Ligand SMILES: Cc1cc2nc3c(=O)[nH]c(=O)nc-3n(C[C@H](O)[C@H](O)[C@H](O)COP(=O)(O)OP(=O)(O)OC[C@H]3O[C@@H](n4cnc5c(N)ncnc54)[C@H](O)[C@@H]3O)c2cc1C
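Shown below, as structure tokens, is a lone chain in the form predicted alone; questions about how it binds or moves come after it.
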Amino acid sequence: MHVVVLGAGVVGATTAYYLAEAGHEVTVLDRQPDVGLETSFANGGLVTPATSDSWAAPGTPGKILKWLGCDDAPMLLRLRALPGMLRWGVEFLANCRSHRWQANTKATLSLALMSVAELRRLTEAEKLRYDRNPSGLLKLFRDQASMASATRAAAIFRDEGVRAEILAASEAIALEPALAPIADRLSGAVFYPDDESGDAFKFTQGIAGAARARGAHFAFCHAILGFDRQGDRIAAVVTERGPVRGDVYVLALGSHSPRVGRSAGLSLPIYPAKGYSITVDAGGWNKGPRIPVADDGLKAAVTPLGDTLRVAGTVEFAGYDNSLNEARGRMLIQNLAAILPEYPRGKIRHWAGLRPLTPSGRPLIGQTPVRNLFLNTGHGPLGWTLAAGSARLLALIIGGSALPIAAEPFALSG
């Protein structure tokens, strides 16, 4: 079949690869001049099943109210965003119930574990290079209460197949010596040895190149206006350059999926969650970290990427505004100093991008009521973590093949 994929971020590009590998003719449309230039461009660089628990959790509503209006809060809700997210917000609150959080987390974790296995296979098979670090994520805790809570959470994740090692502060320093300057401020850590990390943008470029080698065509600078729906089928994608036709269509436009989906009669429960990052030049720093470090108290993570450090860990609900906020940028610099006080004071590049979040935290993958329209969107902060698994799952669904995990939790009505 001829499959038209809308979106050339990490999810869309990886989807194109799996569809081309399955023998389909593939065309990828994107408004940008290249792959991975929006949400995939400068994210935290983590592929982390260990943090695939849904943001819609029992304690989240109280935290949002506590941080309301604080520019330097880890999770910031702008009052001006409320009118556009009322329905989404009600569903989000409903998913904060304990039993729903557990079900959502379990479903997403099953996909994340499959996805990491697929990522490793792709990396080796296609010889992809993306500043990949040694496997593992080290999560730090600065008080005993948080450490105790993390120990309980680690036990839950272990039951689902995630390896987790509880470490004393001294053991964490032995594992990552770059943390020695803050040894006296740590109560302990959890090490997740199977998590991965690297540069998501470089991965997206690499997997797009591998898709091209299998015949996929990428059409850039195509602003997508919507769908031409005829009855229960899509006849074409409407772009500023004219219609693009195929047999099957895959909507993988991240936060912009609801706008385009509406033209096909779909109401997609996705809201943009703006994430921030900084990238700090660290070339020549021999005492830098070897693996990513996440600080639970600061809600920030530092990932080494070649000669740079990537710092991420904040979310803002402000609609489709992706402008930079100076206060939040300063917060990330302060967080870096609190985790790695000796970091080199190199050039700092600021970035913000919109992450497509569903109320449940589960992405939307599979067929829609429109017979030849499929979804692969709504991955929130786990875009790269879930990309390979989501793409393979969708390619199997389109091909009518047996599935390695249950797809029902990710259906539009699921």
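One-based numbering along the sequence shown. Please read these numbers as outputs of a predicted model, since none were measured by experiment.
The same protein also exists as the form predicted together with the named molecule; that form is not shown, yet it is the one meant from here on.
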| item | value |
| --- | --- |
| Contact of V10 with the named molecule in the predicted complex (heavy atom, 4.5 Å) | yes |
| Contact flag, A148 vs the named molecule in the predicted complex, heavy atom cut 4.5 Å | no |
| Partner contact for D53 in the predicted complex: the named molecule, 4.5 angstroms, heavy atom | no |
| Residue contact check: H256 to the named molecule in the predicted complex, 4.5 Å heavy atom | yes |
| Options 341-349, 30-38, 367-375, 56-64; stretch whose heavy atom lies within 4.5 Å of the named molecule in the predicted complex | 30-38 |
| In the predicted complex, the residue from Y130, Y276, F218, F191 that sits within 4.5 Å of the named molecule by heavy atoms | Y276 |
| I291, A81, V260, M331 - the one with a heavy atom within 4.5 Å of the named molecule in the predicted complex | V260 |
| Heavy atom within 4.5 Å of the named molecule in the predicted complex - qualifying residues of 358-396 | H379, G380, P381, L382, G383, W384, T385 |
